[in-house]
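We give structure tokens for two forms of one protein chain below, kept apart as structure 1 and structure 2.
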Structure 1
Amino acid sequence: MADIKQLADKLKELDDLLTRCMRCGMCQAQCPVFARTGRETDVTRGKLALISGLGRKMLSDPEQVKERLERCLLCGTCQVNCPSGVQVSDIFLRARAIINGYLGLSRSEKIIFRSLLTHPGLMNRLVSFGALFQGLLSKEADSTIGTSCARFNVPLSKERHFKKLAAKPLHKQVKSLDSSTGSSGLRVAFFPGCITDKIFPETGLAALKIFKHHEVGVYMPEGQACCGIPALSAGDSKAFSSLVSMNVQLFSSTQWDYLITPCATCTSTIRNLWPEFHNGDLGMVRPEKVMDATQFLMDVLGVEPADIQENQKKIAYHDPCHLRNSLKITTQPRSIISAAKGNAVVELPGGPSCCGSGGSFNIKHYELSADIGRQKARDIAASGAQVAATACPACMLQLSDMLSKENISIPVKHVLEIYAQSL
């Protein structure tokens, strides 16, 4: 952090946000990480105590501060249950930016965020190259779920059961779209997101089929970049702002009514974090125009649940944290599943909870992530469901991994896929 005044200003902003925390400890009962470890340093109260006086601790042991801050899923469960209304996610993201600005990014983080994510064309070419050869390094794990595992001991893959890169990503199947408003009178900008594009293109195709069925015009420009959440979560504000600026320029070149994504994380990031953490102009991408796809279908297009039938297929719905906690969207995905005739939503034992994915948390703390996700897989099995559904591609990866490793052969679908199949 070369600019001392800038550092002082950022630390002052943090202190202002921290004043609301009363150290009451209510977050202990909500934190999925603390529930597994029981460590005070893993719960929100402990991390907030660490952040208090961050400037001094950065000088004494910055690596320890960074390590503790990264042991958080950013699921927001503590924030929505905080009696004092502490903006926990904002605090953690700002603290990570400060500590990483002080320590600097690792070599791998610089390559990923500043050389790949901010160059979507290069990223797409590398991913396509990797898809060609992934079969040599992996073998089938569960054919029903569609997972694979590594043939050899590779550090990143560990014991994961993963979904392979799509042989033909969405951007190669549908390069771009610019269709006119149909009978709905609406035109949407479509932001599929990286995981949908590169691993679950069927989700993106389902969304496009649904838009066509409801005669909604679609603007899907070529060259879309990542929404920026991986960079922001890692404290790289510079890469985050570059990604936001690239996308804003793309989506501000024409008129549309709503910006729609099928990814809970992308929706939350674009709607809440772009205005909060990007200093530049957001053009057409105003928060009130950004919607999750299921919210758009129910709240704008008026899609309603179908009549109850006999012998309906049981669909277990997992609430993504970015929909449930950040956007308060819980009814709409369930209604869209029920709108597909022959399907009924079943609730998970114990109610909604984080699946343990957490983006980079899954990579840096895989054992802990799997410990949380394993219970989610068992809850899905206990529900008696024939299909597991969610509205976030990152959660789909985690559920697929956990179900596959637990030998629970239940397919994982995006809500949009289920609805699109009924049209």
Structure 2
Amino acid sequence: MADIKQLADKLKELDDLLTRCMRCGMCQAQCPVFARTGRETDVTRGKLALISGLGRKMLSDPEQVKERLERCLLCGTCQVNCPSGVQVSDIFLRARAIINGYLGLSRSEKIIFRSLLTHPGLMNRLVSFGALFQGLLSKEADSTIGTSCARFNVPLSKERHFKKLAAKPLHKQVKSLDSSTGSSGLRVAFFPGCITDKIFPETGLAALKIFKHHEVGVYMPEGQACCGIPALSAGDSKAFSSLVSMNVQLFSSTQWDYLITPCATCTSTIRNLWPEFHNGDLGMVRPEKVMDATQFLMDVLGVEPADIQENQKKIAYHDPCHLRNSLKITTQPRSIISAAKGNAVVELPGGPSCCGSGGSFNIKHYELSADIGRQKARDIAASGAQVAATACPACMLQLSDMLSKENISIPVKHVLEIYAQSL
């Protein structure tokens, strides 16, 4: 094991960022994890104190710090509300990378990040293999939401009501696209993202239908790799960088105007984290060209809300943290929902909040994640909506699980699906 002093020296690089925290504790009002546990190590201030303590050699066990740092959804809510403007997400991601670099990744993390994610072909084959067999292992939980639960007691599935892998992922339905600019005069690069591709291909198809309707040319190359956020948030900057490089290469081989994704997490990762954390060239993928699909529809194509009708269908919109906090996108998805005739957005009681998914947080801390998500499901029910909509496939997974478990039988849809249906 490397010298703890080395670790401290590395963390010292974060010192300028860390001293911004004045320990006022105001982040306690924001953090969904702290709201459940009331523990200082579960709120930003505590985590920053741990990183800083490790950097000052006041702590001797980095393993404990790593564990506490993992109890975070990386939702960014604390960051946007921090009076002192602490760059929380940056610090957390960098600290995770430094600490993991020191401790080394676990075996399973290595397999996932180094062997699977970075080999999209292998990943795809494995996933379709899984799709074949999942029927044997699971049974239906809620047919409206389309969730299943485990037939037998499988460790990772726990009590989950999960969305099954799509029988035919998007890349099997539409292998690739390279269409030219239509009347819109625009051509977009389309990055569906892993969850859209493998679990919600209907979202990807909706996006493609919308592009076609608005006569936008689409470049969707084969062999897209993951955006890298799972690797980065687990602190594997090496795997992250190789994923970014693979994608940059694909998307830099031809001209396009905007890179569009239907996934809040992918958009914020590509826009904010690729430039920040990838040490390498970004080719054509400049941040200002990366856009969330709903933002593109409203801000670039000028799609507007339709006239109000009688008996509109009530759609509860859940703000994905990555749109609301890191990209400040809140009006566009709402407008796109109401651009679909006959649909009206209803707000959730208590206002926007994290659904508790947080990527790998959901896997590592399922109970906590479910605790946060159940409240979200109840809020959706209380809003009186007939459909739950959001603009992030990761949130869709979580909402499906939570609604299904709470026996709130309403479908979960991507904003794009709702809009595409109206075309």
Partner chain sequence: MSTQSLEKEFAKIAGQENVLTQEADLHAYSYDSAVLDQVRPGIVVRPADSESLGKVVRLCNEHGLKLTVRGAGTNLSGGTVPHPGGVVCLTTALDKILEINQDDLYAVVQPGVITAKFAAQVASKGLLYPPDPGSQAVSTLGGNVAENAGGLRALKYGVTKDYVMGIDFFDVSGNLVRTGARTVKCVTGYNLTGLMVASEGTLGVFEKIILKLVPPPKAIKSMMAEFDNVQAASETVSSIIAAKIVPATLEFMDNFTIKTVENFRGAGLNTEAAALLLIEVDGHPAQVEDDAAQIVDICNAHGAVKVRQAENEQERAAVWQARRDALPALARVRPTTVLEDATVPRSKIPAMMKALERIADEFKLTIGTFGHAGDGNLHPTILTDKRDVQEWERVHKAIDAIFDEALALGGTLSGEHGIGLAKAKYMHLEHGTAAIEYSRKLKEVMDPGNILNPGKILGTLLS
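Numbering runs along the sequence of structure 1, starting at 1. Basically, rigid core = biggest C-alpha set you can superpose within 1.5 Å across the two forms. Here the structure is a predicted model, which is why all the values come from computation and not from measurement.
- It is structure 1 that shows the chain in the form predicted on its own.
- Once both forms are overlaid on the rigid core, the distance between the two CA positions of Lys10 between the two structures is 2 angstroms or more.
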